[in-house]
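Below you will find one chain, with nothing else, as structure tokens; this is the form predicted alone, and questions on how it binds or moves follow later.
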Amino acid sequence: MTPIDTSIYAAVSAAIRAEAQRILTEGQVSAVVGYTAARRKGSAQPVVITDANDAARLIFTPACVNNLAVYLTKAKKEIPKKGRIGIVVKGCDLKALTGLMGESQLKREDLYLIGVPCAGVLASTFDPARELTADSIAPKCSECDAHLPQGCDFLPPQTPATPALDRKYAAEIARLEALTPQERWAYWKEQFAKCIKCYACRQVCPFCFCEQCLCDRNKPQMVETTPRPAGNTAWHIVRAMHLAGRCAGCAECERVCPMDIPLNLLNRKMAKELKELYDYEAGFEVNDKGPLTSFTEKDDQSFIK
């Protein structure tokens, strides 16, 4: 398979390091959230640096798969105390931050956004030394419309080469839509039956920022917590509805799922429905209300019987 051109990533890494060193030295930010090399050759991991001298550790490669927005939601209460935070963002990461701003979880003035031109990242980090190709690229990247994140405080001048790729989620959604309702139900029952209720999907999602999840409560119990078919189905349907109109498409939930449940496929289907019904999709514009959290008299009410 012909490799995808990632030659700009070295220059992007250098630009990120220089900018991080500058804003830390000048005191514009108190910390920068980015990526650094991990222990396994060719792999990467998130890092938070507070010293300008540590900016040399920052990188951007196809192994930089994590959505770093989640680190701001977990620490959101501390951001005003610590000062402005710098964060390295891919396009899908920026969509998550934009959504969080719209939900009043973050303030734009508290952030310094370092955008990265991104041609794609690897689907799996277990073999990060391999080249980025149409076979190894993350499926989410095949449908990405945000290779250049917009509205950042800093964006390296490089432009990523974005080859035409098969829209993997769109093709699978079309296949499922062609099935009968009974066949679709059987498909999702099989997928949800694999769930072990590890909640990795929840932990990695930037939009799961509640201090106590409704699904953890037992008085009353909203969703069964043991990994059984009824509770599993309820959990994933509730979560998909909860993310409708909010999901940034980063696919972190699907990446970390140890049972390989196609969670982002479900999220993309919800996104498709909202686009068709309300002409709404997650993007770079801060909206304080989405289509499922607002009402106007012009809304279609034909579903009410």
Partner chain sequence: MHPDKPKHAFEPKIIAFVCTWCTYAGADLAGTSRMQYPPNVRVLKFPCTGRIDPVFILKAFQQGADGVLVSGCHPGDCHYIAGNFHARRRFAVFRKLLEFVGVDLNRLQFSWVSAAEGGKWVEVVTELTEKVRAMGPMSEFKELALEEQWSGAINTAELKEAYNQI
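Positions refer to the first chain, counted from 1. Here the structure is a predicted model, which means the values were calculated and not measured.
Separately, the form predicted together with its partner chain exists; it is not shown, and the next lines address it.
J.: Only one of Lys194, Lys82, Arg167, Arg108 gets a heavy atom within 4.5 Å of its partner chain in the predicted complex. Which one?
T.: None of the other options qualify; the answer is Lys194.
J.: Although its partner chain is absent from this view, report whether Leu266 comes within 4.5 Å of it in the predicted complex, heavy atoms only.
T.: Yes, Leu266 sits close enough to its partner chain in the predicted complex that at least one of its heavy atoms falls within 4.5 Å.
J.: Does any heavy atom of Pro229 come within 4.5 Å of a heavy atom of its partner chain in the predicted complex?
T.: Answer yes; at least one heavy atom of Pro229 falls within 4.5 Å of its partner chain in the predicted complex.
J.: Quick check on Met222: any heavy atom within 4.5 Å of its partner chain in the predicted complex?
T.: Although its partner chain is absent here, Met222 would touch it in the predicted complex, with heavy atoms inside 4.5 Å.
J.: Even though its partner chain is not shown here, does Glu285 get within 4.5 Å of it in the predicted complex, heavy atoms only?
T.: Result no; Glu285 lies far from its partner chain in the predicted complex.
J.: Looking at 182 to 190, 113 to 121, 85 to 93, 152 to 160, which stretch has residues with any non-hydrogen atom within 4.5 Å of its partner chain in the predicted complex?
T.: Contact-bearing stretch, as computed: 182 to 190.
J.: At a 4.5 angstroms cut-off on non-hydrogen atoms, which residues of 262 to 300 are near its partner chain in the predicted complex? List them in order.
T.: Heavy-atom contacts to its partner chain in the predicted complex: Leu265, Leu266, Lys269, Met270, Glu273, Leu274, Leu277, Tyr278, Pro291, Leu292, Thr293, Ser294, Phe295, Thr296, Glu297, Lys298, Asp299, Asp300.
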